[in-house]
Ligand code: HEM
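Quick heads-up: it's one chain on its own, the form predicted alone, in structure tokens.
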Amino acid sequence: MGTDTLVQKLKSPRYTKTAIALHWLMAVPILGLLLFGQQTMGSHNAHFLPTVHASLGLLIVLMLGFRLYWRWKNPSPAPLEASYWKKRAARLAHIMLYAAMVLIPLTGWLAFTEHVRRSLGARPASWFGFKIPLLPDFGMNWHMVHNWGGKLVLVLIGLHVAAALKHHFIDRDDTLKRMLPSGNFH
């Protein structure tokens, strides 16, 4: 990619269609996993919901890999006019969201490994028919870490949504419109 193309992409007022699609294709299942994650816990004999939860979590990790690759090759458009501190806060929030998309599934995998060892012995579980390797036992309560991490991510997502709505309804700028599929929101 030439320098002129990169500069043009950075000045682009909207995200690419692929970035928008990846945002929403990941946002909906992530929110669902976070909101309904508690229903997956319970009896260790109930394997259906935990398996679906873990399978979706691993699918999100794979999507995240593609999303990070896409973002690396297609930088986000430049932020709209804002103070230095608002831009820094937005950047930090996005870094935290990306970190959460890596760390929450990882702690979930560790919690799932704990569950499998406790209920199934040393046999690996499966993900859409593929064997999930067991991770080392680090002697921590990964269920608790995963659970509280998920709650913190819900707060972070709430702040992300609140910031987008503030931009749209109070600041009356195009920040939210740049991430909507149609670019319109009335």
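Start at 1 with the first residue shown and count on from there. This structure is a prediction, so every number in the text was calculated from the model and none was measured.
Keep in mind the form predicted together with the ligand is missing from the figure; the text below concerns it.
Screening L159, L134, M63, A27 for any heavy atom within 4.5 Å of the ligand in the predicted bound form leaves a single hit, A27. Taking the partner from elsewhere, T175 is found to have a heavy atom lying within 4.5 Å of the ligand in the predicted bound form.
Within this chain, L31 lines the site of the ligand in the predicted bound form, having a heavy atom no more than 4.5 Å away. Residue contact with the ligand in the predicted bound form: S119 places no heavy atom within 4.5 Å of it. Among heavy atoms of K73, none comes within 4.5 Å of the ligand in the predicted bound form. Relative to the ligand in the predicted bound form, residues K17, A21 and F128 are all farther than 4.5 Å at every heavy atom. Contact residues in stretch 72 to 109 (any heavy atom within 4.5 Å of the ligand, taken in the predicted bound form) are S76, H94, L97, Y98, M101, I104, P105, G108, W109.
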